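Shown below, as structure tokens, is a lone chain in the form predicted on its own; questions about how it binds or moves come after it.
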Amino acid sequence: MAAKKVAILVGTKKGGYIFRGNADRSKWTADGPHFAGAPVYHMAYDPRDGRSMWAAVNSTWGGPRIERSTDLGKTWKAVSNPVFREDMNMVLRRTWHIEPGHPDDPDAVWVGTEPAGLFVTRDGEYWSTIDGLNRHPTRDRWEPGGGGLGLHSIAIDRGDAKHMAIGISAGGAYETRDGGVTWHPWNDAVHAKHLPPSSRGEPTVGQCVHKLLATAEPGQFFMRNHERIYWRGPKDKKWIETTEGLPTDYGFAGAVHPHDAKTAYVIPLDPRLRMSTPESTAGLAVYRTTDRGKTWKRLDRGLPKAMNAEVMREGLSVDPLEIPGVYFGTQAGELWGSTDEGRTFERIEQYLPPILSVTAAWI
């Protein structure tokens, strides 16, 4: 059996790619494009079986489909699409995110869709609707964000398979503690000055989540909202804002350290242009906190000075090694990586189609 190595799963506007690294992550070989010509919103690897990969393919012609590989990306096969209950009068438009379940729930794979919905499969083929969320009584207060009404974040508590949170643009964060049977809004103390005046403040529903993740500490979560960054631990009664020290409070991409629950990474963007600019962010850079957001450090060694770029919400990822690598992809088709927790970056590839998602895996 071959030794494990890092692979980077890259979804682009024109297909999916798999970059496979050598032992020290210094050289990469590219495989793809898979699903050539179709937007791939997200690609995921399932470490529980060590062989399954998933792809959210949203073809302009032919519509959305979900593809699965059971041989580490060598071959792919379409599975069934999620289907909303007939009385909801909704049709799947896109698949936004695919999340392998908790190790204690080894057969579960979760999917977030547009219109905003959550589904789960336990046979790898057919999806069950999570009616406790999809038919939530607050659903009529969800509004489409800039990219549509999508459920794009699925965060599973490291310590409890039944404790999950999801993020919707623009519906907000929701939490379940019973494996998805019941859900409640989870937006306490989250600001929303981007909303109309009548809805500003800290509304219970309608928040525009940009990214929501579970950290290495059981019960702790990390969130990027439309504005500002938040953490919430198992003893916290509300979200704690930790944006001070960043050049802007806006951005989409976020990633958490696989072993250190106080460390996270973000890429700030100019809120008007939705990209890094020399004026607003001093050019693109990754920012890291090692103290749960009390302080942030700019990491740009190896990146072009005053770099203009846009990184999407799924465009930043961290591998699970002891000294993790940090990877991100831009809308200009450049894939960048660091093997030293972000201290220095090198360009892995350029001239790809616009990059929509980056997922680092240990395969």
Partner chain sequence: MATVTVRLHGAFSDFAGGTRKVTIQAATVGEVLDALPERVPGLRERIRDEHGRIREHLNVFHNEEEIRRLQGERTSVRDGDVVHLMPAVSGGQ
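Numbering follows the first chain given and starts at 1. Only a predicted model underlies this, so the values are computations on that prediction, with no experimental measurement involved.
Just so it is clear, the following notes concern the form predicted together with its partner chain, a form of the same protein that is not shown.
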Hey, of 101-109, 83-91, 180-188, 280-288, which bit sits against its partner chain in the predicted bound form at 4.5 Å between non-hydrogen atoms? 83-91
Residue-level question: is residue 13 within 4.5 Å of its partner chain in the predicted bound form, judged on heavy atoms? yes
Contact label in the predicted bound form: residue 325 to its partner chain, heavy atom within 4.5 Å: no
Contact of residue 79 with its partner chain in the predicted bound form (heavy atom, 4.5 Å): yes
Any of the heavy atoms of residue 65 lying within 4.5 Å of its partner chain in the predicted bound form? yes
Can you pick the one in 244, 140, 71, 125 that has a heavy atom within 4.5 Å of its partner chain in the predicted bound form? 125
Within 4.5 Å of its partner chain in the predicted bound form, heavy atoms considered, which of 29, 295, 26, 60? 60
Can you tell me which bits of 30-48 touch its partner chain in the predicted bound form, meaning any heavy atom within 4.5 Å? 39
